[in-house]
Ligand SMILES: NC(=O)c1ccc[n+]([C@@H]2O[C@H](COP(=O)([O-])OP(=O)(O)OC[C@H]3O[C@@H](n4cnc5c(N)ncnc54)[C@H](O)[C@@H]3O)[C@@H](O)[C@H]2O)c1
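A single chain, nothing else alongside it, follows as structure tokens in the form predicted alone.
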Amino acid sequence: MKISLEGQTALVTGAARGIGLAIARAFLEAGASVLALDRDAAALEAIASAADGRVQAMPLDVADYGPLSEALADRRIDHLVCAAAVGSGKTGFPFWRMEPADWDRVLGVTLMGVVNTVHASVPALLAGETERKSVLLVSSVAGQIGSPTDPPYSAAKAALISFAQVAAKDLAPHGIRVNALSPGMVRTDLNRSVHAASAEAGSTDYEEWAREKIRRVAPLARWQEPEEFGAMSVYLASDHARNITGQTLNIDGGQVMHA
């Protein structure tokens, strides 16, 4: 099945690396133009320079609503994907090992950064013909299982699932679909930071730690790859997914199974 999104524009946050970068590349492969938003200006320029003019770099912080809203004013946005997120760099087990202040930046980016971006994008999403438009919020299995590894990150990702359902109901009368996508174990900088903050960091290297964790938590016992999220994002933006909204789709090797 070949999906074409030619003539359409996708805004992707967190586009400089990891899952966000894979999603931006997937939209480009489907023929769309991409507004690539991230704080890493140099990485964005590298992406733009290799994309034949179909990527516009937007070096912004999603936690700062004013500049974000101003930058998105009068933009064309057919599809919005919010992938920007940060962890605390610390670990729970139990949660009170952390301080309330450790939550501020995580919630500011991982939750409110998404809220900011969706709010700032609504005028563009509602402009013109809306029946083929979509919004995708990248959540996490951590938001579904109450993972104590990084409590503020888990709480923020859980909130995104609820916000996706709220936005799906509000935008449904316009034909705009809103879904959440939940990664499991993906080899990214954020995943490495979880290991670095863990109690096992001093006794096991990252690869050993990750292999054991995947074996323990995922029935398929294998990594999920960023490109899988890119493929699913493009599918959810396409007409093939025209009746999918308000859903949370897990790509997690079976880590979360709802009876």
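Small disclaimer: the values here were computed from a predicted structure and weren't measured. Don't overthink the numbering: it's just position in the shown sequence, from 1.
If you look for the form predicted in complex with the ligand, you will not find it shown, but the lines that follow are about it.
Only one of 96-104, 80-88, 127-135, 162-170 places residue heavy atoms within 4.5 angstroms of the ligand in the predicted bound form, namely 80-88.
Residue 60 is the only one of 217, 60, 51, 210 with a heavy atom lying within 4.5 Å of the ligand in the predicted bound form. In the predicted bound form, the ligand lies farther than 4.5 Å from every heavy atom of residue 74. A residue is said to contact a partner when one of its heavy atoms sits within 4.5 Å of a partner heavy atom; residue 195 fails this definition for the ligand in the predicted bound form, lying far away. The ligand is not shown here, but in the predicted bound form it comes within 4.5 Å of a heavy atom of residue 16. Interface residue remark: residue 92 is not counted as part of the site for the ligand in the predicted bound form, having no heavy atom within 4.5 Å. In the predicted bound form, the residues of 150-185 lying within 4.5 Å of the ligand by at least one heavy atom are, in order, 153, 157, 183, 184, 185.
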